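One chain comes next, on its own, written as structure tokens: the form predicted alone.
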């Protein structure tokens, strides 16, 4: 089976994900926020490329049923209910709600991989749960692709390291794996940081930028390994939580 890592959704073609099981990673912060929202009872998260698209969709829903959510340049979009800070997505804020979500990188990456057979959303906060799904797919000889979303179409260290952690987990005990250079490189980066996520975020450009903008507490949330053990599945243009109410 093949296991490839791609850095940035802009580098991915339909052929790269067609028929594959795909995981999209945007550690800081979209994939973390999606996991937190679903863990706290959000009904679904619907990703959009633009704020205008999210607002247009909201007009078809009852006002109490949804939250407009997202960011541009790391800040909450004016007029929206929530930004992209996972700490905002408390049970009180999101339980039972449809989250209409648009971010600079993560939501675009999800939309870009729609030709995939199955799309999961991964981060450190739900690593083991998502990794178990990917390992099961690998044992069934399904080809896999990991999309490290990056930041503003640029490489992001934290996404690459998270991708490397997934690669290492998937390969454990499975010998017949072909990998691209992105997968090989991500494993090397993951070895450098191992479980020192605070150091990783302190040395990543996006992590430093968020800290400088007052989001240091978000970094602590994003570093909670397995803190929100849900499996978000993107299907029919929405992300829902795998579980009793949504079987594979």
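In this text, all values refer to a predicted model and were calculated from it rather than measured experimentally. Numbering follows the first chain given and starts at 1.
Not pictured, yet referred to below: the form predicted together with a further copy of the same chain.
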Among the candidates 51, 189, 197, 210, the residue which, in the model of the complex, approaches a further copy of the same chain to within 4.5 Å (heavy atoms): 189
Non-hydrogen atom within 4.5 Å of a further copy of the same chain in the model of the complex for each of 13, 154 and 185: yes
Contact of residue 205 with a further copy of the same chain in the model of the complex (heavy atom, 4.5 Å): yes
4.5 angstroms heavy atom contact with a further copy of the same chain in the model of the complex for residue 179: yes
Segment assignment from 30 to 38, 210 to 218, 57 to 65, 197 to 205: heavy atom within 4.5 Å of a further copy of the same chain in the model of the complex: 197 to 205
